[in-house]
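A lone chain, given as structure tokens: the form predicted on its own.
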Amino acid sequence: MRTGTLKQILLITDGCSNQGEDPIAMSALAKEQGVTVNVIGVMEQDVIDDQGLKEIEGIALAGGGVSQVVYSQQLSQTVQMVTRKAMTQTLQGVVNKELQQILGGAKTMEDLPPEKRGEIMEVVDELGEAVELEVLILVDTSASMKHKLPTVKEALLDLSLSLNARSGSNRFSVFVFPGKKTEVEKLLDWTPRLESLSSIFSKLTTGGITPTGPAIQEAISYFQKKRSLRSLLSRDDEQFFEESV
């Protein structure tokens, strides 16, 4: 079964967007382009207000992904859980499409007898370990995130360790919003190693605005840019490109 590369946006934020495009509309656009959008809302002792909570859930729902609101100290395991849960969810969708083609009609995994469903879930688990994964991480660096950024950095390093234990290849890219001079700034180009973040995160500055919609839009174009570059390359060049990012 060819699943291609699973593409995910992982948005880490602590509140409402207040500048630029509607993040829920941008998230729906990402899903149309084959990119799942997952959202983690980070709290300290303060509570995310209703509007922030609705936005977090709305972005994940529109992007076909998973949302979770957590306290800072639980962030590490949550980042791993959300990434893997979204991967499983996407693969289940792929398997369901295959089943519908094989069985005809509206048959899905849920319609099968328990023992068959168990067999298929084993296949999904195996695919989850072997499939290529690209995760573009969007980190909110608005003023209220200042004290949470060290925890975010640790969580991303843990994510790297967790996913690199898989047999499939992983690539990560990291953007922050707002950037120093623009709404969205690329911090890390595609790499299998998130450890490179260590030196960069300490230099981050935090600002007041939260342009979540523009950040998701930038993430979509970054996936598209990579795809269009691939289409210009011959197979040998593509292999070199894959090895060099």
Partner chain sequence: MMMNNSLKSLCKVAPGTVIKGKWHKYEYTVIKELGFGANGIVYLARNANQQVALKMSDNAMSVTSEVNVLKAFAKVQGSALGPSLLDVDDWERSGTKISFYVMEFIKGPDLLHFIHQKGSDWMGVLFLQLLADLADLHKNGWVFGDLKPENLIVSGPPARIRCIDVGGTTLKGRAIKEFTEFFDRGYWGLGSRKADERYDLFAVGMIMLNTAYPKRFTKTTGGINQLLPMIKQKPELRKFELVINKALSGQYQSAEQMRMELLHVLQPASPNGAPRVKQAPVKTQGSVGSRTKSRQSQVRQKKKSGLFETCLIISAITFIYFLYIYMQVL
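The structure presented is a predicted model; accordingly, all values stated were derived computationally and were not measured. Numbering follows the first chain given and starts at 1.
If you look for the form predicted together with the partner chain, you will not find it shown, but the lines that follow are about it.
Novice: Which one, 171-179, 112-120, 145-153, 132-140, holds residues whose non-hydrogen atoms are within 4.5 Å of the partner chain in the predicted complex?
Specialist: It is the stretch 112-120.
Novice: Is Asp125 close enough to touch the partner chain in the predicted complex, meaning at least one heavy atom pair within 4.5 Å?
Specialist: Yes, contact at 4.5 Å.
Novice: Indicate whether the partner chain has at least one heavy atom within 4.5 Å of a heavy atom of Ala165 in the predicted complex.
Specialist: Ala165: contacts the partner chain in the predicted complex.
Novice: Determine whether any heavy atom of Gln217 comes within 4.5 Å of a heavy atom of the partner chain in the predicted complex, and answer yes or no.
Specialist: Outside the cut-off, so no.
Novice: Spell out, yes or no, whether the shortest heavy atom distance between Asp158 and the partner chain in the predicted complex is within 4.5 Å.
Specialist: Output for Asp158 is yes: heavy atoms within 4.5 Å of the partner chain.
Novice: Can you tell me which residues in 76-99 come within 4.5 angstroms of the partner chain in the predicted complex, by heavy atoms?
Specialist: Sequence-ordered list: Ser76, Gln77, Thr78, Gln80, Met81, Arg84, Lys85, Thr88, Gln92.
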